[in-house]
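In the block that follows, a single chain appears as structure tokens, in the form predicted alone.
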């Protein structure tokens, strides 16, 4: 079985790390650089930092905290939030990030994926996909999920969108199943399998982690390369070292135990 990655997610708003449930009722968790340093020391494989209000607020990510994170950790990290151009991405990379992730800006301007991949290489370009199920059960993409009052469901199916951004050069897909986000009821395995059937690049599962068994379940899917979590790490419900030890005991290969 290929080595699986454990990723900690830091949702950022107004210069602090926050966490909500299904993108609502966000509460402050702590300082950005402090938490990044903590997770780096605890053994996560990567960090993802989302400035969740940058895109709906029509601004780019605050480069000051990107620099602070880069100076505080020694593991790869990805930055998302309001990256709308090659110039925006260049500044994020110059501040120390290893990858950039685009979500709503890609929905507004799909050619941005191609431009970023052409400039920086597909390995540095992640497309975040916020996916919600419609009344008929079809998974569709969501725009501006970080601002519930502005959130907008697009009629394009999640699978169609994943296929398209891969063709444009995306090197990794983070699938955040909004309906399970923050619920701690487990990852949406059914939706991951569906997306995995059309995904030919690394697929990161996001949304729903609540206990160690949820990681074991999601890593049991051949299509999933990494699992991302936030609140269960922030509140200490799951210790990353213990998680990795448990995964190894279940014969799931992980790094940096």
Partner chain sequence: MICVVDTGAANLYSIQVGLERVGASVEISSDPGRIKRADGVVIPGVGAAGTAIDKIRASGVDRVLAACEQPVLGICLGMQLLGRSSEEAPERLLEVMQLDFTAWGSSAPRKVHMGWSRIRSLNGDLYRDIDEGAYMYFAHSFATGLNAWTMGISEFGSEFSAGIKKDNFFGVQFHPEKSGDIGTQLLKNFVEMTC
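Just so it is clear, the structure is predicted and the values come from calculations on it, not from any experiment. Positions refer to the first chain, counted from 1.
Just so you know, the form predicted in complex with the partner chain exists too; it's not on screen, but the next bit is about it.
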For the partner chain, considered in the model of the complex: do all three of 200, 222 and 225 come within 4.5 Å of it, counting heavy atoms only? yes
Can any non-hydrogen atom of residue 143 be found within 4.5 angstroms of the partner chain in the model of the complex? no
Look up in the model of the complex whether residue 110 has a non-hydrogen atom within 4.5 angstroms of the partner chain, and give yes or no. no
With heavy atoms only and a cut-off of 4.5 Å, decide whether residue 77 touches the partner chain in the model of the complex. yes
Does at least one non-hydrogen atom of residue 186 fall within 4.5 angstroms of the partner chain in the model of the complex? no
Interface segment, criterion being heavy atoms within 4.5 Å of the partner chain in the model of the complex, picked from 174-182, 79-87, 120-128, 100-108: 120-128
Just to make sure I understand: among 77-95, which residues lie within 4.5 Å of the partner chain in the model of the complex, judging by heavy atoms? 77, 93, 94, 95
